[in-house]
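Same chain, two forms, each on its own as structure tokens: structure 1, then structure 2.
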Structure 1
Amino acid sequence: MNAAVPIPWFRTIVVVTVVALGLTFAFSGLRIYVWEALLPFFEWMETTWFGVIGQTWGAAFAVVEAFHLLAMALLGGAVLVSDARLLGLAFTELPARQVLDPAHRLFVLALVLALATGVFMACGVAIKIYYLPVFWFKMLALATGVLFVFFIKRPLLHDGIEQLNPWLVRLVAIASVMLWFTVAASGRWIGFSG
């Protein structure tokens, strides 16, 4: 028998390690040097076509922001549908695969759209968000959420939830809802910040 770590646990260990390193970095003095080194990149972002359009044409920025919010609503809906099924709160009459697979496809589509529109919006207000601590919290939460979905949740549930401990399935669903709520709340907080 191979003594190597099973693949799902290996992915979990990698994600936990990456998040731990990210948090260690965030609370160390090294982040100040990296943060200062990123300023030229954010200044450059405002000079790109996206940045100029976002700064000069308010209507274009508003339309892209509307699509961003729609993408976030789709993403949140996909998370809530799949996690409600995992918690046994909704769609229990359907097999888990019939709910989880379409919800994951919708999640991926919404994530791509949210990232694309988010980059456009960030270019328009790059210097502003550079100085907002909540922007960095959102990026950390977003990265954690994406890593969680693709390296923990999806691989763990790949073979079906029937052979997994029901408490583990519920724990995964609760963690997922908490992560994506944090992403949404920090994103909304950016909207209320300066």
Structure 2
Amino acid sequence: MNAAVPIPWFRTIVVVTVVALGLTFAFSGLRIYVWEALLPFFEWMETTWFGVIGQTWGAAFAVVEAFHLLAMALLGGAVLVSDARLLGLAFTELPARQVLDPAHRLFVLALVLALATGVFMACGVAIKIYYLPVFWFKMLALATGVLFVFFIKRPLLHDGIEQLNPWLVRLVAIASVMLWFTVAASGRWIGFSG
């Protein structure tokens, strides 16, 4: 029996492929084609229970939005704490693992809450957000952020940051802060649009 042979440079190949596919998608007609094809799905979202409740019962929408904002605050806090530690700006007296692991657990909890409440809110204003470019940009940043955390950042930091190049660690932290800042900022932008 042959043991499974890991593909050399697997992650690098995946990252380069995803970036190339993303750029091709963004600068080709495929983007418009997919966007148009998604309209029936967004129309259906407004007819679901979530959509009807979100549109007709403002108080329910406001309560869910409050939990969404709390989740985003929690998520932002977890990101800032872990990235500040990676940048050497705070919590430097503690071992990195002692800061990064609890922050990641909090991040996962906040992400699940933000996604759950976000789906409800999206159903309530589905057609509005469908026509907002900033909503799609937020989804791009969110998807990139989730992939970045679980496919890049966590595996990279898994064996500890001591043997990593400090500049690489700083670059990863800056990319992480930029990503989640964009998710939060574009989320608020949706609130002030349309």
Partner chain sequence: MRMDNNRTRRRDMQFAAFAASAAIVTFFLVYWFIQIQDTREMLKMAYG
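By convention here, residues take numbers in order along the sequence of structure 1, the first being 1. What we label the rigid core is the largest C-alpha set whose atoms superpose within 1.5 Å from one form to the other. Note that the structure is a prediction, hence the values are computed from the model and not measured.
- Structure 2, not structure 1, is the form predicted in complex with the partner chain.
- Once you line up the core between structures 1 and 2, the Cα of V172 stays within less than 2 Å of where it was.
- Aligning the rigid core between structures 1 and 2 leaves the CA of V15 offset by 3.5 Å.
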